[in-house]
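There is one chain below, alone, in structure tokens, taken in the form predicted alone.
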Amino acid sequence: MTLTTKTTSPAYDEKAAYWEKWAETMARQSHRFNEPLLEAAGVGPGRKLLDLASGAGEPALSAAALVGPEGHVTATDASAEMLAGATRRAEQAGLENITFEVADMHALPFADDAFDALTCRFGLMFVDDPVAALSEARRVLRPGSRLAYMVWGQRRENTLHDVMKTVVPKLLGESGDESGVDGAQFRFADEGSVAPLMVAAGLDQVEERELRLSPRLDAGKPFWRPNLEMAFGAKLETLSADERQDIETAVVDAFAPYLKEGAYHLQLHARLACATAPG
């Protein structure tokens, strides 16, 4: 199992420790996104998969189990620290058919026609030139292979993110400016926003699908804590115990309107865009 170490994403290096801390918890919830993404890319036994923006390891680790010993997963991310955590998780899981490499989606360090499937879960929104990134994806895929990208839908239809982005930045004394890394999260929220980019990149059989979920979470459980620390962990570390408690109390209060009959009623909205490499 290998890992390159030259990072291209200092912003996410800072978040990596918190992502790794909560990685197993989040992985248990991620099947609702992983399954349609991997299916759309045609991932199965024996496939050679490239996963972009792998972060702390999903969906790459789940895909490694799916492709089996005859297949292989190459997990990439712009953050070396993120991939270091994913590498440790893969070692703990005993996965031997996965490697990790820091990579810029605009200039992938792989040969032409090197893979027969490609996935990217919640990463396309953060690249400077998405058409160039999609063109690179097409280049490294064998003709006829499938690729699938998942992006977030409308912020207002993603309850957890919407509440966090509304409440926490204000309490941390931030402006709530949506122009930075975190603000790009909903860049492709509008219907039909990814398909034209795929067409421009020369991909075939392009389609977009909606993924809407309505999770019900038990009252009394701090379901929001992983997301709070993954997004704001470094800043929370600078606060006193009382200041941090004030933030957690404000978050609980902000979710109160979603509490009905002993459960929190939330919404999730993502878009799945998939295509075929031509030839």
Ligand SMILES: C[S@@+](CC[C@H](N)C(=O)[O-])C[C@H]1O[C@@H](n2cnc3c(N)ncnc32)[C@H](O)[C@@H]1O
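A residue's number is simply how far along the shown sequence it sits, counting from 1. All figures in this text were calculated on a predicted structure; none of them were measured in a lab.
Just so it is clear, the following notes concern the form predicted in complex with the named molecule, a form of the same protein that is not shown.
When the named molecule is considered in the model of the complex, only one residue from Val151, Leu118, Met105, Val168 comes within 4.5 Å through any heavy atom, namely Met105.
In the model of the complex, the named molecule sits within 4.5 Å of a heavy atom of Phe122. Not displayed here, the named molecule is approached by Val127 to within 4.5 Å at the level of heavy atoms in the model of the complex.
When the named molecule is considered in the model of the complex, Thr74 lies well away from it, no heavy atom lying within 4.5 Å. When the named molecule is considered in the model of the complex, Leu141 lies well away from it, no heavy atom lying within 4.5 Å. Only one segment in the set 219-227, 65-73, 240-248, 47-55 has any non-hydrogen atom within 4.5 angstroms of the named molecule in the model of the complex, and it is 47-55. Using a 4.5 Å heavy atom cutoff, none of Leu160, Phe255 and Tyr264 lies near the named molecule in the model of the complex.
Taking the named molecule as it sits in the model of the complex, the stretch 64-85 comes within 4.5 angstroms of it through a non-hydrogen atom at Asp77, Ala78, Ser79, Met82.
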